[in-house]
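This document opens with one chain alone, in structure tokens, the form predicted alone.
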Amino acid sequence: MSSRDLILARVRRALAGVPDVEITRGYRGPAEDRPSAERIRLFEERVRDYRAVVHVLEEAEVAGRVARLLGGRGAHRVVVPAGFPSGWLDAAGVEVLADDPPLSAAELDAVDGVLTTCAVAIAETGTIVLDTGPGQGRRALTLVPDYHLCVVRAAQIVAGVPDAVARLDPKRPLTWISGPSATSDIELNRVEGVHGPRSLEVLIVT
């Protein structure tokens, strides 16, 4: 008998005859307790705290702002997943790359950025959640390129994590993004871009 088997056998003997105990769990449920304008303000504030760049604008301004942001970065080749609103690309003036057939990691690493929508955004944590739905693409698209520009509609911003979980399908592959990729060593030296995009820019469409 291995040490593992021995330990488990002792645990089973110790618990023999012990009745099952029902544990009451007081998980916090969905609670849309903030007005829409306050959720937008809080989300914007929290996203900025992560050193991401945030813009709040109306839908009619999205195409022009996308063009200016990509032009300001000197971006020429951008990955855009299927389902992204085509009208938002009308003024972009860049080479739009589709992920069909799927681009390799090397090809994704060579592009100037990725442009996506999201499934939901969380005001309390400043988090954007992608579930590979329309305009979001597979997970690799937002992990390999060095720049991610994400468009978030105001109606997609919820108060907290329970509200987001209530909207999401747990069977879908979920990517939770809280600011640009960053990590730090034991001396707290911050390094960005190790596990994902070095730069995250968010457009909040009101």
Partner chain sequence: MSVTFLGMPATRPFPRNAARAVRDSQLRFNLRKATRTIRAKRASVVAEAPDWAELREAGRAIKEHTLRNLDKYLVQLEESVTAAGGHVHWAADAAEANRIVADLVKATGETEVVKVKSMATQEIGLNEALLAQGITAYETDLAELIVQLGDDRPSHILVPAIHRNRAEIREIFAEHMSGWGRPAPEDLTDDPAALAEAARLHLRERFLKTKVAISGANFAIAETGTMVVLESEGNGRMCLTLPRTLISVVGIEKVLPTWRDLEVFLQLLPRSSTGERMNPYTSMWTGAAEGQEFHLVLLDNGRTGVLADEVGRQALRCIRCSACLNVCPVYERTGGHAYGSVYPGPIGAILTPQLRGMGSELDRSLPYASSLCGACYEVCPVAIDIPSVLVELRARAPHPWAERAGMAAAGWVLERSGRLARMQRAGGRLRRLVPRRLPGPLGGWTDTRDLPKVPEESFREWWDRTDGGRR
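Positions refer to the first chain, counted from 1. We call the rigid core whatever largest set of C-alpha positions still superposes within 1.5 Å between the two forms. As the structure is a computational prediction, the values presented were derived from the model and not from experiment.
Below, we refer to the form predicted in complex with its partner chain, which is not included among the displayed structures.
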Checked I40, A140, V62, V54 for heavy atoms within 4.5 Å of its partner chain in the predicted complex; positive is A140
The one residue among I177, C150, L70, I157 placing a heavy atom within 4.5 Å of its partner chain in the predicted complex is I177
Check: Applying a 4.5 Å heavy atom distance criterion, does R34 contact its partner chain in the predicted complex?
Finding: no
Give a yes or no for A91: in the predicted complex, does one of its heavy atoms lie within 4.5 Å of a heavy atom belonging to its partner chain?
no
When the contact criterion is heavy atoms within 4.5 Å, does E44 count as touching its partner chain in the predicted complex? no
* Answer yes if any heavy atom of A105 is within 4.5 Å of a heavy atom of its partner chain in the predicted complex; otherwise answer no. => yes
Restricting to 152-191, the residues within 4.5 Å of its partner chain in the predicted complex through any heavy atom are V161, P162, V165, L168, P170, K171, R172, P173, L174, T175, W176, I177, S178, G179, P180, S181, A182, T183, S184, D185, I186, E187, L188, N189, R190, V191
With both forms fit on the core, has G26 moved 2 Å or more by CA between this form and the one not shown? yes
Exercise for review: Using a superposition on the rigid core, decide whether the Cα position of A182 changes by 2 angstroms or more between this form and the one not shown.
Suggested key: no
Distance flag for I23 and D163 (Cα, change 3 Å or more) in the predicted complex: the two residues are closer
